[in-house]
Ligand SMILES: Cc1ncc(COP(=O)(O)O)c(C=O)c1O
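What follows is one chain in structure tokens, specifically the form predicted on its own.
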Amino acid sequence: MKRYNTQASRQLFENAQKSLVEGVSSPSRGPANFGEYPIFLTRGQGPYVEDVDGNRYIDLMMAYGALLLGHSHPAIAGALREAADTGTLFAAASPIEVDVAQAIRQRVPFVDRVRFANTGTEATMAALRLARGLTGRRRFIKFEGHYHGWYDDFLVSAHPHPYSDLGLPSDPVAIPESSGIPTEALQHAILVPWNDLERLEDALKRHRGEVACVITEPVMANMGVIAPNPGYLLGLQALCQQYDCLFVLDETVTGFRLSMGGAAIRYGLNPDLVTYGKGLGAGLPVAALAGKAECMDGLRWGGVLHYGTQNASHLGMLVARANLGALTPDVYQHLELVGDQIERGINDLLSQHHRVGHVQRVGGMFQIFFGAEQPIADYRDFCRLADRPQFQQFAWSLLRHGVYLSPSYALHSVLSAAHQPSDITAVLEIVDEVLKQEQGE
């Protein structure tokens, strides 16, 4: 099996460190995940990317899930050309934003109003501010291991930590994720284990009248891939209603990826507010806060302030409209097909090579959990059972042989409409060879 030569990436990384912090523009792209140096990419087409050395990879990262249609999809390329000819930004009202908002409402029946933003972090910040404004309360419930962006209030217990540091599930230790966060910001979050309705209700009882909202990912997507237990999300929704706090569903990762209307439709949910990000803009910085009229109208006339020169840019809206138009029911059927193929294939190979581990998948999102014989159901399972070094070495080996993915065990791999069964077969052949090499077979 041929090993890729990536010396141009090595040299470029040495030069990049002179002008970029860590030589990259986000820590997840740098040495913490990729080891000695990252692979510098120059081109993408369909399910493939190419690096500065001319190597071609099957892409299983797809810009962390932003590219549901694959790289350089004709509909997206056409929208970009239209924006180049007609203007990229007006910072004014435009008919395109009405089209995109209506397209979202058609896909998601509980959405009455939409407000566009640029990133998932911005959208979740706005959701929390709006929930506080509507209720007059400051505190909110956040679940262990859920990542809602890099806003101060959310950066607590959002990344993996040693299991011994977590405290008891009845009273989780709140772990700050960054320097520079004011102590008072972290006091707003009430931390609760996920996938556990009993502990959620206990927290709501203890803090009755204090909680503005409960915010959750529908699928834990920054701890690999962890699906909700059957009935859990509907139970969470019912508890929010019972204890008179808003239900905020963070679909920055899952929005328009798990069904035509995202995870909310897949799981039959009716949240008060929902946030969208990666899958909406097809690679451009487009996000949205959406929800019921009685909640969203709190933004009217700056009652709860949300500004943004770049909000609903002409460029972003043209691309989002093209993206949503191309995300037909056939796309989601295809994602289930290739997702099932790769899940079954990797699980079979792990068994054949006597490796402890398994794949967890929802739609086109999946992660391999080495070291875990049982399903990983929450953050604590992840911190206790997932074998980070084993996964990272495995991912580095795949990179060296033509499969591009994130080596972070806390992230996950992504399939797109562009991946064909033949591409999955090629990935499985490489996985087979890498497992053989690691076993010394």
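In this text, residue numbers run from 1 along the sequence as written. In this text, all values refer to a predicted model and were calculated from it rather than measured experimentally.
The following text describes the form predicted together with the named molecule, which does not appear among the structures shown.
Partner contacts here mean any heavy atom within 4.5 Å of the named molecule in the predicted bound form, and among 327 to 335, 115 to 123, 192 to 200, 343 to 351 they occur only in 115 to 123.
Put simply, of T252, N323, S157, S313 only one has a heavy atom within 4.5 Å of the named molecule in the predicted bound form, and it is T252. Only one of Q237, T135, S259, N222 lies close to the named molecule in the predicted bound form, with a heavy atom inside 4.5 Å, and it is N222. Contact check for K142: no non-hydrogen atom falls within 4.5 Å of the named molecule in the predicted bound form. For the chain shown alone, E217 is a contact residue for the named molecule in the predicted bound form, at least one non-hydrogen atom being within 4.5 angstroms.
At the 4.5 Å threshold, heavy atoms of Y147 reach the named molecule in the predicted bound form. The partner is not shown here, but in the predicted bound form the stretch 270 to 293 reaches within 4.5 angstroms of the named molecule through a heavy atom at K278 alone.
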